[in-house]
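The chain below stands alone and is given as structure tokens, in the form predicted on its own.
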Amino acid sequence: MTSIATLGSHCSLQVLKGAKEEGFHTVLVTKSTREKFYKRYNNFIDEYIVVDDFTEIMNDDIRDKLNASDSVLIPHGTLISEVGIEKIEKLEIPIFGNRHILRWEADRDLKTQLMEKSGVSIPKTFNSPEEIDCLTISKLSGARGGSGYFLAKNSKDYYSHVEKFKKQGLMTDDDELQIQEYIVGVPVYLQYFQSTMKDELELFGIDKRYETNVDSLGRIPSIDQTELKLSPTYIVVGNIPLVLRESLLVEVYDIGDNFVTASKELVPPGMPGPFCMEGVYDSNGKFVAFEFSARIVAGTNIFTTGSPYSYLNYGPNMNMGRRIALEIKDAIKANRLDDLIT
């Protein structure tokens, strides 16, 4: 019997709960420091594989355990940030979705190429700090949960932050930064599911992030911010549900459909399963996308009993983890599991 497995982090509880609800055997690869926590949920976690470091998933013994239980591994942000793209591409375990597109998520140049191909509006990108002529945000590559972001209005600002980050151990000389125009507006994260079995795009939820300390600076008067020399930080600590004006949903579906089409052309087999377009609605109400995530995102955790959008298609109690499991279940029944995994 096919099992559903994932790493113990990010959105694993949602993934495995949903898998259990669809009748799957569930497997959690967890760090030893988190084992006690996850065993609080043994009503839906059937098997625990305990490691000291997530990179051990590459070891023969861990691979053999996962393959012995006929596991399909559900990727999420921790797999990218702690195991790494090079290892993921070599991992001899079936992965749900397109493992090759994860490199396009992690690589800033490839990410920009795919977003441009999809036709979505994106911020201006600067090739070097010397080109900066407006307020910019610089970002380290990879799924870092907002860590390693900073604002700069010129090259002097930029290099000052880089030196500070190096001293703090947040980056090294080998790290690459993407420099983008900073778009002022409402940050919005559009959660999608592209169904291979239905050949259909589903809007699954919408959220915004609560980040430290940028979301609390507004409580401090500007004169005090200046005197204290406070700088915004963008580490994600939680997510907040959001419902868009219904008139905006037409464009939301267009954005998702166009991204799916572009991904099929550039990175076959494209973008099956969950993904997220991350951007800002600017002062004119225009959506400008600055990122995409080519897998389930942590923002889906706020919809463990379903979102206003998943409810329209499925009724209550359909979260993204369960939707993944349902897709796998339908594929097994139709003898099409190979269409969902790489």
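Start at 1 and count along the sequence shown; that's the residue number. In this text, all values refer to a predicted model and were calculated from it rather than measured experimentally.
Beyond the structure shown, there is the form predicted in complex with adenosine monophosphate (AMP), which is absent from this document and is the topic of what follows.
Report task. Could you tell me which of 252 to 260, 177 to 185, 160 to 168, 77 to 85 sits within 4.5 Å of adenosine monophosphate (AMP) in the predicted complex, going by non-hydrogen atoms? Result -> Every other range fails; the passing one is 177 to 185.
Query raised in the report: Can you pick the one in 132, 197, 137, 267 that has a heavy atom within 4.5 Å of adenosine monophosphate (AMP) in the predicted complex?
Result: Filtering the options by heavy-atom distance leaves 137.
Query raised in the report: Which of 290, 287, 309, 303 has a heavy atom within 4.5 Å of adenosine monophosphate (AMP) in the predicted complex?
Result: Here the answer is residue option 290.
Query raised in the report: Looking in the predicted complex, is adenosine monophosphate (AMP) within 4.5 angstroms of a heavy atom from every one of 189, 211 and 280?
Result: Each of the three qualifies.
Query raised in the report: Counting only non-hydrogen atoms and a 4.5 angstroms cut-off, does residue 126 reach adenosine monophosphate (AMP) in the predicted complex?
Result: No, residue 126 is distant from the partner.
Query raised in the report: Which residues from 215 to 247 come close to adenosine monophosphate (AMP) in the predicted complex, meaning a heavy atom within 4.5 Å?
Result: Heavy-atom contacts within 4.5 Å come from 234 alone.
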